[in-house]
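In structure tokens, one chain follows: the form predicted on its own.
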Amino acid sequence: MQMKTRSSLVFLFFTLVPGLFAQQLTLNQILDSYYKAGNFDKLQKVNSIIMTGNIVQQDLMPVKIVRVRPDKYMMQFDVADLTAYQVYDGQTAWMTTPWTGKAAPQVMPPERATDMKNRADIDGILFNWKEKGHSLELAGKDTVDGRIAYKIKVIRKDGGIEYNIIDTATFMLQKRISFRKAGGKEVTIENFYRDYRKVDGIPFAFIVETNNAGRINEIQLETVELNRTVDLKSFTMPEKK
């Protein structure tokens, strides 16, 4: 009986081990699966993305996000019936803060400008990362919403470090961890990507939750439109009056 049990265990071990080793993917294998899951072949043909929805933070704030290749980004949102802008025109990042009583546009500080430049990349930081001057390494695994995920460490060209966390089953981006200086201190920013839906065959996260040093808000998208004509002049910082 013991011999049979032992033989059964040995058989079970050699049956399971190949499957276990098959799950130990390399960084390149994970990235290839990520590109395939995100339909990056088709995303390369997208020149503009227009998203509309709401920012949920105590109240609902209507939001519109526009991305245009190459490297243009605009977020337009309403705060107490006042419209504010956060924009990167490919060279300069600027914003308006009308709720402070200052309506004039102003150039963003360097740390915020870096974040805006990263947002403007339609393909995201993991695509063509070598050409962009970044370094990547596999940093083990993490858990997001109870699901196992691969943790990829990114050392950006600008010297900043962030982590992109990709689901082991769907190979979709589930979480991004980045760091920013605020008030002389480094704060951790966590972005969670949920409710993926396909638009023209390309998956987009319709819910993005942001935890900025304990301040939590959520963007809930209602529409995503691709390849619409966008007036590029809208990204230019207006002259101060």
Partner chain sequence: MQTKIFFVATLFILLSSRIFSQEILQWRGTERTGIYHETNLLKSWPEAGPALIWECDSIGNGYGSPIITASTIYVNGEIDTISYLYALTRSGKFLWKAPIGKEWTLNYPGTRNTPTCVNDMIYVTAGLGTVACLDAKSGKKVWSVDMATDFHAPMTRFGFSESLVINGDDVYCCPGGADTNIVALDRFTGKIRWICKGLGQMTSYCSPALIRLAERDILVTFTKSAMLGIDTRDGSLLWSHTQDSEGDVHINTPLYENGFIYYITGDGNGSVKLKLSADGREITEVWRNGACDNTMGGFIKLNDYIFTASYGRRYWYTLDANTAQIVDSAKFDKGVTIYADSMLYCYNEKGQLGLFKPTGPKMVPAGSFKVTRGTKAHYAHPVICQGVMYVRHGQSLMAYDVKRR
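It should be emphasised that the depicted structure is a prediction, and the values quoted were computed from it without experimental measurement. Positions refer to the first chain, counted from 1.
Same protein, other form: the form predicted in complex with the partner chain, not shown, and the subject of what follows.
- Among 81, 137, 145, 131, the residue placing a heavy atom within 4.5 Å of the partner chain in the predicted bound form is 81.
- Just one of 216, 60, 27, 182 comes within 4.5 Å of the partner chain in the predicted bound form, counting any heavy atom, and that one is 60.
- Residue 33 falls outside the set of residues with a heavy atom inside 4.5 Å of the partner chain in the predicted bound form.
- For residue 54, a non-hydrogen atom is located within 4.5 Å of the partner chain in the predicted bound form, even though that partner is not displayed.
- At a distance threshold of 4.5 angstroms between non-hydrogen atoms, residue 227 is out of contact with the partner chain in the predicted bound form.
- Heavy atoms within 4.5 Å of the partner chain in the predicted bound form map, among the stretches 137-145, 166-174, 73-81, 123-131, onto 73-81 alone.
- Taking the partner chain as it sits in the predicted bound form, the stretch 214-230 comes within 4.5 angstroms of it through a non-hydrogen atom at 220, 222.
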